[in-house]
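Before any questions on how it binds or moves, here is one chain, the form predicted alone, in structure tokens.
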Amino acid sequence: MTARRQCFGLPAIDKTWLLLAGLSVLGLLLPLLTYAPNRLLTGRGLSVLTLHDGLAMALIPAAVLLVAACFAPESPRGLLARAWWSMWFVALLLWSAGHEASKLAGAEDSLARVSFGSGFWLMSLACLLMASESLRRLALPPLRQTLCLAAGIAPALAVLLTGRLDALSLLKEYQNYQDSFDTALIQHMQLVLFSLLPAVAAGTLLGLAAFRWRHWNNWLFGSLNILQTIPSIALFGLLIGPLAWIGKHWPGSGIAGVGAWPAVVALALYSLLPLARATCAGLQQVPQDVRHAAEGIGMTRWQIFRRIDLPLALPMFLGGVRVTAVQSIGLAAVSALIGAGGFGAIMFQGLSGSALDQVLLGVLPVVALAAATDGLFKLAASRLDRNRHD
């Protein structure tokens, strides 16, 4: 089909972009927002056509332009324009939602709640996937890719920081729970850091042992695989008894069966397998010829490890730490069920009260933290790789 279109002089169609753009157009048919008299009642959907001040006349042509971009040539400028336009469309969606919320649930009706509807989430997700796919095809270095992404989200961030979204239910929930949100952020970061640091040390040692004594591999990785298959809730429960016993016999230690301690131990145990595998795999991919050459010039085993093995295995090891950190950020939310706090506490409190926006107040920061952590580790790996080749 592509060859036939080119034969007649027609531009090739980007099928992936066409699918995502089609989802964005489909989102126009779904409720962009929902309006409810208060935070507990089910809201009624508000379509794009019902928006005030003719906002539909801006959103509909913008969605049509997304479809038109399917026919643009896949050049670097075209891909960059696609990525930026999709992010600008998200900013337009946010501004429209905030403007409509200020009309429906402004100061005159403090109990009313205007929330994002299914159409908003579908269009935003499709646009984010468009931007991600376009940047992926550009094949930019991670630093430039991050700068382009930051430039793309700047308009949406400006809409948020200028207070245009304050009338939305999600921002009202943040204002009501700002102190709890700040506390949850600190608790969440503490859970991740205090579990990741010992896990990195223990996982690295286990990976080194698996590389040094390879006949242990089946037993070691088999045991860690069993730990990985235990559901998080079950592992939290299994740790309550032993930690409560330790806390009872050593009351000054601060260890308890509920709270942060079982969460930190469980998260550290879950982190051992990816860290050990990354360490062992990183060392195994170091060419033996390089080691033999180092031995030939008189380097000791410690010098070979420090100057040869460690630098060559470091990128793969950082990849394991990246996976572990992102995994821990997500699992830390579940630990709120045993009193560990964090964003999971806000999320589960919203679930118990059937307050969807409060649930999002706990979920969205976890997603943002995971994405930011993943990006930072990719930047570090790119920097390391560039230094190796310089």
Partner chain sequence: MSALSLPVAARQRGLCLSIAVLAATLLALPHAASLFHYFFPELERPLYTQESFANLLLSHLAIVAASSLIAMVLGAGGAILVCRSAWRDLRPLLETLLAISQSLPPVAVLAVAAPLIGFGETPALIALVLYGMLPIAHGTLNGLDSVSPELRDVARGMGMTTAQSLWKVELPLAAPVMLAGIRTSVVINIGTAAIASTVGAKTLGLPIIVGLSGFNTAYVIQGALLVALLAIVVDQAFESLAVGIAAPSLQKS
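Nothing here was measured: the structure is a model prediction, and the numbers come from that model. Positions refer to the first chain, counted from 1.
One more form of this protein should be noted, the form predicted in complex with the partner chain, which is absent from this view; the next part is about it.
*Asks:* Is the partner chain in the predicted complex close enough to Val326, Val363 and Val367 that every residue in that trio has a heavy atom within 4.5 angstroms of it?
*Replies:* Yes: each residue has a heavy atom within 4.5 Å of the partner.
*Asks:* Of Asn218, Thr300, Gln288, Gln175, which residue is found within 4.5 angstroms of the partner chain in the predicted complex when only non-hydrogen atoms are counted?
*Replies:* Looking at Asn218, Thr300, Gln288, Gln175 one by one, just Asn218 meets the 4.5 Å heavy-atom criterion.
*Asks:* Looking at Cys70, Leu51, Leu356, Leu28, which is the one with a non-hydrogen atom within 4.5 Å of the partner chain in the predicted complex?
*Replies:* Filtering the options by heavy-atom distance leaves Leu356.
*Asks:* Thinking of the partner chain in the predicted complex, which stretch from 226-234, 178-186, 70-78, 200-208 has heavy atoms inside 4.5 Å of it?
*Replies:* It is 226-234 that comes within 4.5 Å of the partner.
*Asks:* Wondering, does Phe348 line up within 4.5 Å of the partner chain in the predicted complex on heavy atoms?
*Replies:* Yes, contact at 4.5 Å.
*Asks:* Wondering, does Ser132 line up within 4.5 Å of the partner chain in the predicted complex on heavy atoms?
*Replies:* Flag for Ser132 set to yes.
*Asks:* Residue-level contact is defined here as any heavy atom of the residue lying within 4.5 Å of the partner chain in the predicted complex; does Pro37 satisfy this criterion?
*Replies:* No, no contact at 4.5 Å.
*Asks:* Closest heavy atom of Leu376 to the partner chain in the predicted complex, within 4.5 Å or not?
*Replies:* Contact with the partner chain, no.
*Asks:* Could you list the residues in 235-251 that come within 4.5 Å of the partner chain in the predicted complex, counting only heavy atoms and keeping sequence order?
*Replies:* In sequence order, Gly237, Leu238, Ile240, Gly241 come within 4.5 Å of the partner.
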